[in-house]
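Coming up is one lone chain in structure tokens, specifically the form predicted alone.
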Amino acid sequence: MPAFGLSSSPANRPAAGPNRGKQMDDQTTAGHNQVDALPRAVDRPMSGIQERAAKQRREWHHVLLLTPAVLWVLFAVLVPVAMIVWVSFRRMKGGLLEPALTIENWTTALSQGITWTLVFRTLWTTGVVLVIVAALGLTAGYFLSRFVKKPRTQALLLMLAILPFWTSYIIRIVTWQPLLGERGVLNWTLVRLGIINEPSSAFLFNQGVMMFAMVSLYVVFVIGPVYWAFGTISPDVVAAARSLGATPWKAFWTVELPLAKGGLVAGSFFAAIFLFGDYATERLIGGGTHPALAGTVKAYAGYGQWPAASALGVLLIVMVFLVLGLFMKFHNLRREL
């Protein structure tokens, strides 16, 4: 009985003897010719309907990939900001928000001179600290990239710069008080050395010390991106500039700095964002002697004045977006973020 799928007829059996190999070669050649004669699907152009279907599939794939990120931005960023804007048009009564909308908070905030004083103080403090942070971060990042040759040493120095960020933000601020207070280490050292006769309160709770603490807190945001940006510049580019007669300073200013501008701008932008929202340093180190918008928002929220706090918070958000636009004028941050 023949096996399933096989024929036992002599016509289908391969010939025996010397002609068997020739017959198999002829069958193989005929099979190859038949395969080559078949139209290939990949060579046929797609019809319009097929192209549209493939395009729709690709678009849906992109939508599915972007959906988690869009949902996160929606619920973690846009919804809270929308709530702040909504509360800024409400009024408090008996500790509760009234249902009716009003522009009273905005007219009060924008008509008071103290609001514009806070805006100017916030911009001035942020601007001065940002210039110092950018200068120090540029110097440190360039030094690490160009003058520290060993990768292990570079990694160690970067780790020392980032190490304070492994602790709480509030703890990093509070540590300045035992260092700069009247009974702190600095006063004790100066008295022991005879430089001052008695402990001084000039080293704490003033604007200068507050700005110094801000610089120490946020300079690391610039060091890292600047170091990375200089590290991407090929040494051959600098060598070419030097071979054409450029001095080290001119090569840095005309060749290296323009190429590393993206890291400097990106790091300065992140530092600016944190500076605008920093109220703890203003309170714990500055002593509240020079309040800014962030500290005022915190104070209103602490007293339960949510509509007034929301109005000033929206004003602070608008300032941040204006600063972002200013940064975008100097460099396309989308390539760095």
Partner chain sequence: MALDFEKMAQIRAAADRACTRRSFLTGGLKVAAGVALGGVAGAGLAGCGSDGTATTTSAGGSGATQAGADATLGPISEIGLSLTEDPRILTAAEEALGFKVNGRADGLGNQLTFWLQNYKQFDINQVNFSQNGALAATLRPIAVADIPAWNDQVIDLFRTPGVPGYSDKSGWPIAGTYTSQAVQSEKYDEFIGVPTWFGFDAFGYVVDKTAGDVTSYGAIFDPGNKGKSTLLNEPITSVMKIATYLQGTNQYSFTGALNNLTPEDLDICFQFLGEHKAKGQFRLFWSDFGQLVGLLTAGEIVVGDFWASACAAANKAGANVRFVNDPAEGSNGWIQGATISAETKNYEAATKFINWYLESGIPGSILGVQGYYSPRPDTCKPILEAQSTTVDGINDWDYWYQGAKPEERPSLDERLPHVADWQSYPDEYERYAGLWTQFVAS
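Numbering follows the first chain given and starts at 1. Bear in mind the structure is a predicted one, so any value in this text is a computation, not a measurement.
Unshown form predicted together with the partner chain; subsequent notes refer to it.
Only one segment in the set 116 to 124, 256 to 264, 227 to 235, 150 to 158 has residues whose heavy atoms sit within 4.5 Å of the partner chain in the model of the complex; it is 116 to 124. Using a 4.5 angstroms limit between non-hydrogen atoms, residue 56 is distant from the partner chain in the model of the complex. For residue 273, no non-hydrogen atom is located within 4.5 Å of the partner chain in the model of the complex, even though that partner is not displayed. Contact annotation: residue 94 falls within 4.5 Å of the partner chain in the model of the complex, judged by heavy atom distances. Taking the partner from the other structure, the partner chain in the model of the complex has a heavy atom within 4.5 Å of a heavy atom of residue 303. Using a 4.5 Å heavy atom cutoff, none of 132, 216 and 250 lies near the partner chain in the model of the complex. Only one of 189, 112, 197, 167 lies close to the partner chain in the model of the complex, with a heavy atom inside 4.5 Å, and it is 112. Using a 4.5 Å cut-off on any heavy atom, the residues of 271 to 292 that reach the partner chain in the model of the complex are, in sequence order, 283, 287, 288, 289, 290, 291.
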